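Shown here is one chain on its own, the form predicted on its own, set out as structure tokens.
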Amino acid sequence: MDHKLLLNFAIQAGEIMLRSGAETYRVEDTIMRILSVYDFESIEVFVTPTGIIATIDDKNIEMTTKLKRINSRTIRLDKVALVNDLSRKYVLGKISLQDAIEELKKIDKISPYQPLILISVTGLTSAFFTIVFGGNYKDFLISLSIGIILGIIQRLFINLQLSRFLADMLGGFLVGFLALLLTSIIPSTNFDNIIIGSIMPMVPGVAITNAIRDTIEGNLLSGISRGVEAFFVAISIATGVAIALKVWLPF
């Protein structure tokens, strides 16, 4: 077995999972599972939200270490599930290493949902959360409109490769400003319910969940870093909304 090829496969699988929003402990477990196919004397894996380090050593090979830097992360749980399933099939011997590598490349190239679908889902998420928080049908329609506009702006921010925190701050400002503008025009509406519902698509729910799960699993560094990331994202959203409120309601 080519141990370097195996290590590259394991690292690439972990990279795809980490970039797609997987928990740190799940990435470590997947890499360890893949490398354990060959009975190395020593296997060490260390994963953080921004990097992967893996080392293998055996009396028949030279110690080999590989480091992979993770520069960007998103939410693609479909890829996490596919890579996890592929790793299990490989460990069980249902697929060869070369075939697994080719399958992994196909998983990495899976296209995201179409922009129209993402924009529509953002609008519907905002609208239905507004209903959950006590809004009426007018609030629902306003949040739907704001969510659609927010989805379009988020696509623009992604294309411009804007900083996550700046994008969330601008998104929060847009939501707050549009909510105040539309509720001033349309009577019998509640701008607080609309704002709360409309910012929900930006809330870092996965980051918060992963921070808690990583901490519970004992990965304190990853848990703390993900928690801090989620905290600053929430602060960015709140700052954007607060600026809009201050501009619209100076006193």
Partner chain sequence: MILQIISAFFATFFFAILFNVSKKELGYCGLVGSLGWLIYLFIFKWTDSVIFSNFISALSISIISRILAKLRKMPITIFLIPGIIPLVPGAGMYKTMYAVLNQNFKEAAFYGAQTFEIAGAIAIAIIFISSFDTLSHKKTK
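Every value quoted in this text rests on a predicted model; they were computed, and no experiment measured them. Residue numbers count along the first chain shown, from 1.
Just so it is clear, the following notes concern the form predicted together with its partner chain, a form of the same protein that is not shown.
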| item | value |
| --- | --- |
| Contact at 196, 206 and 209 by its partner chain in the model of the complex, all three, heavy atom at most 4.5 Å | yes |
| Proximity of residue 133 to its partner chain in the model of the complex, heavy atoms at 4.5 Å | yes |
| Any non-hydrogen atom of residue 217 within 4.5 angstroms of its partner chain in the model of the complex | yes |
| Heavy atom of residue 76 within 4.5 Å of its partner chain in the model of the complex | yes |
| Touches its partner chain in the model of the complex: residue 58 (any heavy atom, 4.5 Å) | no |
| Those residues of 35-54 which, in the model of the complex, come within 4.5 Å of its partner chain by heavy atom | none |
